[in-house]
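Starting off, we have a lone chain in the form predicted on its own, written out as structure tokens.
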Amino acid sequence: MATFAFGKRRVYYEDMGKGEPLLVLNGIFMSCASWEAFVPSFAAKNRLILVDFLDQGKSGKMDGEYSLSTQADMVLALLEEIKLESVNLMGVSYGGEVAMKAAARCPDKVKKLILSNTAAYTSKWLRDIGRSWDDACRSHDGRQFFKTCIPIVYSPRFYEKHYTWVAAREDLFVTHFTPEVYDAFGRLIRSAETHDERGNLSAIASPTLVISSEYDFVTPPYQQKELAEAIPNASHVTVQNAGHAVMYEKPAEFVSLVLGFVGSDLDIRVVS
């Protein structure tokens, strides 16, 4: 557990394990703590690096608007801080948007790239979902935030089956999230509204795995298909019976995909 200076802010990261470095970038409502259950698997044979984005988790909070380019700059600065010339890079949702931007900007910094449940650009669909989330954040009301933002990230069957677990998260939001946290979420959401990396994807040089979920209603599978088609050396796989938060719904499959792709030296194309 450590921090480093990025401009006027401190960025929190965790660095553990030994082996090939694997840098994981969070989804928008996540933090380093969100990966706790995955650490034993990811760090068993890899040097695992987790990081909280600016305005996220234990990293410093911003005092104005910014774009995904700022987060990509921070990720590249982290690599310099920990003296890594290149890493295997995985990004989930918002983290995937930042990851593809960093990989396109500095292709030599990324050995292998994994983009899970993310999109090359913010469509009108995703923009309006984000605006509804932003409105919920502005309310500073944990229950309104939960009802607006959370159900859509899970598949309907999982949500129904695991409702007790899901409902406990609602209580957590109500008791632990402060207005400062909601304001930070809002800035994170707005930072992705102008995201459009379609013109730069051809610059990504690393072997890439794009992961979709059958019932992803935030970034629908067709967007991952388009993403994989635009990256020169990309493969695409769809996880069945899962929603946007595939790592929580299908953890074993998710871990197998990530570690299998990172650990393999074979040139295998995965098809959906």
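Just count from 1 along the sequence shown to find any residue number. Values in this document were obtained by computation on a predicted structure and should not be read as measured data.
What comes next is about the form predicted together with another copy of the chain, which does not appear here.
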Practice prompt. Answer yes or no: in the predicted complex, does another copy of the chain come within 4.5 Å of a heavy atom in every one of 94, 104 and 185?
Written response: no
Worksheet item: Of 194, 144, 86, 200, which residue is found within 4.5 angstroms of another copy of the chain in the predicted complex when only non-hydrogen atoms are counted?
Response: 144
Worksheet item: Which of 39-47, 53-61, 66-74, 23-31 has heavy atoms within 4.5 Å of another copy of the chain in the predicted complex?
Response: 39-47
Discussion item. So, residue 189 and another copy of the chain: in the predicted complex, are they within 4.5 Å at any heavy atom pair?
Written reply: no
Fill in: Contact flag, residue 230 vs another copy of the chain in the predicted complex, heavy atom cut 4.5 Å
no
Discussion item. Would you classify residue 78 as touching another copy of the chain in the predicted complex, given a 4.5 Å non-hydrogen atom cut-off?
Written reply: no
Discussion item. Can you tell me whether residue 160 touches another copy of the chain? I mean in the predicted complex, with a 4.5 angstroms heavy atom cut-off.
Written reply: yes
Item to complete: Output the sequence-ordered list of residues from 123-139 with at least one heavy atom within 4.5 Å of another copy of the chain in the predicted complex.
Response: 123, 124, 125, 127, 128, 129, 131, 132, 135
